[in-house]
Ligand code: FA5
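A single chain comes next, written as structure tokens; it is the form predicted on its own.
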């Protein structure tokens, strides 16, 4: 039995050394150590038929041979695995000493950065953050906002109308104001909400005009709301964004959905009021149309104007971004130019 085990060991060692692939090595391992038909395992099972002394002596020898062979197989497996990796590297022609490719990390668009900050400011004032559809109906975009069909105020907003079924009157929203009607209808009064989002105008493109840009609609309705509340919220907003007091002016302005209406302008931060292409050489930038919500708009939102009053404003979010970062051309923001965007 000893001689048979030694011969088996020599034969197994030779087979292991000759194996030149992981597949062949696995076959050798199964040949000698497989549960069914493994040569060495069969010998170990036959030990039970030996006498006490022979069983002990032959058993120790058999276990030692098994241990040695398994270690040899493991060493051979590591050798073949390493060889396989080397062959793959040679085949792929990869120089592992070369530096790896740097993964470029993206960043937020400046519009998104400022929008997130605005939302945080308004949340701290108790406002909800709402959203609405960009493809809007004529009713919510105009009629419910006190701008009936053929009203001259519609000419103030060059609108993209969508072809569809006759009478559907669908359009790309020209402002985020439709959300205030939807909000009043859904939540009633009192209500405090802002709605940031993209709007569309058929504009002639220049340094301060784009055909799609971002606004932020704001609305506050409760009992005894006045212009004082409007001005206080606007000052809190501007100071929160610019981290300093900003010079503003409030002048009368006409907007069908508010009465009275105002234009809130800020001192141009691009030229410090000296005059540039962004502020059209005036030193002031129109930023925030606002006013007290018109009674007809309150009625469209199912709110009684005899009991409640409120203010609304439409912040030019993209223009605010330009003032915040000193961007002198609005077209850069949507350009997709990485040289510009990587600055943020």
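Positions refer to the first chain, counted from 1. Only a predicted model underlies this, so the values are computations on that prediction, with no experimental measurement involved.
What follows is about the form predicted together with the ligand, which we do not show.
Residue 201 belongs to the set of residues with a heavy atom inside 4.5 Å of the ligand in the predicted bound form. Residue contact with the ligand in the predicted bound form: residue 210 places a heavy atom within 4.5 Å of it. Residue contact check for residue 175: one or more of its heavy atoms lie within 4.5 Å of the ligand in the predicted bound form. Contact annotation for residue 142: none of its heavy atoms lies within 4.5 Å of the ligand in the predicted bound form. In terms of contact with the ligand in the predicted bound form, the residue from 69, 62, 288, 278 that brings a heavy atom within 4.5 Å is 288. With the partner omitted here, the residue from 258, 181, 171, 191 that has a non-hydrogen atom within 4.5 angstroms of the ligand in the predicted bound form is 258. Within 4.5 Å of the ligand in the predicted bound form, a heavy atom is found for not a single one of 109, 113 and 240. The stretch among 97-105, 268-276, 202-210, 114-122 whose residues place heavy atoms within 4.5 Å of the ligand in the predicted bound form is 202-210.
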